[in-house]
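For reference, the chain that follows is the form predicted on its own, supplied as structure tokens.
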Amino acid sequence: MYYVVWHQNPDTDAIASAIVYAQYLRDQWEEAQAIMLGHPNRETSFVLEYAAMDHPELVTNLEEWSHIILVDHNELGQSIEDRHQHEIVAVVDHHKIADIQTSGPLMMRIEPVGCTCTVLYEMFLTDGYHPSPEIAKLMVSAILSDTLHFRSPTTTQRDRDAVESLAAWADINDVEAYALQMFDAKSDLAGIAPADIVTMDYKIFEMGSKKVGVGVMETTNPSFARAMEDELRQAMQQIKHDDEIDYIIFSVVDILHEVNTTIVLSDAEADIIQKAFGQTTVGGKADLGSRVSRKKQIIPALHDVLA
């Protein structure tokens, strides 16, 4: 059995990639199962419902030395908690190579594209594999989500080509209208606790001797975050303490206007933001302009300062 694992605090690409790759393996007569390390956000739940897909099983423990496949991540700190007790047999990702080490060779496919599902799409083309309409819907959704409908600087022509082909297979006639529906679902955060908002799309990175938590809220309704800044800042303080990290940064990204407003917790974070981005914190916030990509525009700048 292969267990296809997404990262903690998953986004749509992580969840879709795990479901898609597990289905691909089953179609190749392999036993495979996508497992949940965290619950889907509202955008992903909307996508799963649209594609008529059930939520994967929530699994907290696997038998020792299970065969696991990592998708949409390769930093072990973002993966399954007992990862050192298992054998990593494959990685499919679109992030920088981090700290992964294995006891034997493995299949690794990491490409500089906007989405893991774009990597999977190209793998399928090579293999002559044609996914079902339901799987194609998941893949289109993941690419639109991760590239912010091609607004993110991580977008490549390969992502655009993948969406064009997959949308035809998925029978999605108006990609732009569908993307807006997804983003509206993502932006509906009413009733969600501030701590859950901060950690909804949140990763911890090791940079030199420091640990940095970076959360991103991608929304078509940034005024929602502005109205609860104090609550978000309190949640950030608690998360920083609980995770035992040196810095925590939370960016509110206005999807439609491509603007990043970052909530700054303390003088320590303000100093790092000044050094990394050349931006002064005013009123507990920093204007990071059009830096909407954590992977390409935020993490590298922080890494240059801290590593």
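It should be emphasised that the depicted structure is a prediction, and the values quoted were computed from it without experimental measurement. Sequential numbering from 1, following the sequence displayed.
This protein has a second form, the form predicted in complex with another copy of the chain, left out of what is shown; the following refers to that one.
>> I need the one stretch from 134-142, 172-180, 222-230, 111-119 whose residues put non-hydrogen atoms within 4.5 angstroms of another copy of the chain in the predicted complex.
In response: This holds for exactly one stretch, 111-119.
> Do residue 97 and another copy of the chain come within 4.5 Å of each other in the predicted complex, heavy atoms counted?
Replying inline: Flag for residue 97 set to yes.
> Going by a heavy atom distance of 4.5 Å, is residue 128 a contact of another copy of the chain in the predicted complex?
Replying inline: So residue 128 does not count as contacting another copy of the chain.
> Is there a non-hydrogen atom of residue 191 within 4.5 angstroms of a non-hydrogen atom of another copy of the chain in the predicted complex?
Replying inline: Result no; residue 191 lies far from another copy of the chain in the predicted complex.
> So in the predicted complex, does residue 209 come within 4.5 Å of another copy of the chain, heavy atom to heavy atom?
Replying inline: Heavy-atom contact with another copy of the chain at 4.5 Å: absent for residue 209.
> Judged by heavy atoms and a 4.5 Å cut-off, are 45, 235 and 240 together in contact with another copy of the chain in the predicted complex?
Replying inline: No, because 45, 235 and 240 lack any heavy atom that approaches another copy of the chain to within 4.5 Å in the predicted complex.
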